[in-house]
Ligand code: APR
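Heads up, the chain below is alone and in the form predicted alone; it's given as structure tokens.
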Amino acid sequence: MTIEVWQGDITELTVDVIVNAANESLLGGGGVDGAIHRAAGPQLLEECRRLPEIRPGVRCPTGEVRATAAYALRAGHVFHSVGPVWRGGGNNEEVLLANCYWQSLKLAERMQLHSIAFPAISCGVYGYPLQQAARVAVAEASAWQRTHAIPKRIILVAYSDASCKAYQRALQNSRPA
């Protein structure tokens, strides 16, 4: 079982599932969400539109996950997870972000998927501080692997040098001395 840091475009990975840092509507957006929708093709948007709304405009509340097919992507599935908007850290942001990772891993296990790739959820326009988000991602992935057999491979995808370094630092600091 491994936790890896990989720098590059998440849409290029050949894995069982890539996680999309989505918005609550699941109808595409900017950043990684837009990149995944563009790479997957229009069928992804069509499937997302068919997902039921929990309330007007919300198909996936913050901290939760929804699964779709991956269409033109190399991955087998896309998990859409909505991270929290950073509001200073006093609004349950860490718990909500941790839940994005945990619920995605839980769904991957239930679907018997062995490899999963995560972007830096909430670190784009949602403003979550990169170092803190990397610590949450590593903590959740590490905790999961201590008590679960799959997914066997967890990839933390860094789009930039800064996010790559943040993930590497968080991984290094999470290992016993």
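Remember, it's a predicted structure, so these values are computed and weren't measured experimentally. Residue numbers run from 1 along the displayed sequence.
This next part talks about the form predicted together with this ligand, which is not shown.
S.K.: Is this ligand in the predicted complex near all of 63, 67 and 104, within 4.5 Å of a heavy atom of each?
M.R.: No: none of 63, 67 and 104 comes within 4.5 Å of this ligand in the predicted complex.
S.K.: Specify the contacting stretch among 33-41, 131-139, 47-55, 106-114, defined as having any heavy atom within 4.5 Å of this ligand in the predicted complex.
M.R.: Answer to the contact question: 33-41.
S.K.: Please check if residue 151 has a heavy atom lying within 4.5 Å of any heavy atom of this ligand in the predicted complex.
M.R.: Because no heavy atom of residue 151 falls inside 4.5 Å of this ligand in the predicted complex, the answer is no.
S.K.: Does the 4.5 Å heavy atom contact test between residue 126 and this ligand in the predicted complex come out positive?
M.R.: Yes, residue 126 lies within 4.5 Å of this ligand in the predicted complex.
S.K.: Contact with this ligand in the predicted complex for residue 157, defined as at least one heavy atom pair within 4.5 Å: yes or no?
M.R.: Yes, residue 157 sits close enough to this ligand in the predicted complex that at least one of its heavy atoms falls within 4.5 Å.
S.K.: Would residue 10 count as a contact of this ligand in the predicted complex, using a 4.5 angstroms cut-off between non-hydrogen atoms?
M.R.: Yes, residue 10 lies within 4.5 Å of this ligand in the predicted complex.
S.K.: Quick one: which residues from 17-33 get a non-hydrogen atom within 4.5 Å of this ligand in the predicted complex?
M.R.: Those in contact are 21, 22, 23, 28, 29, 30, 31, 32, 33.
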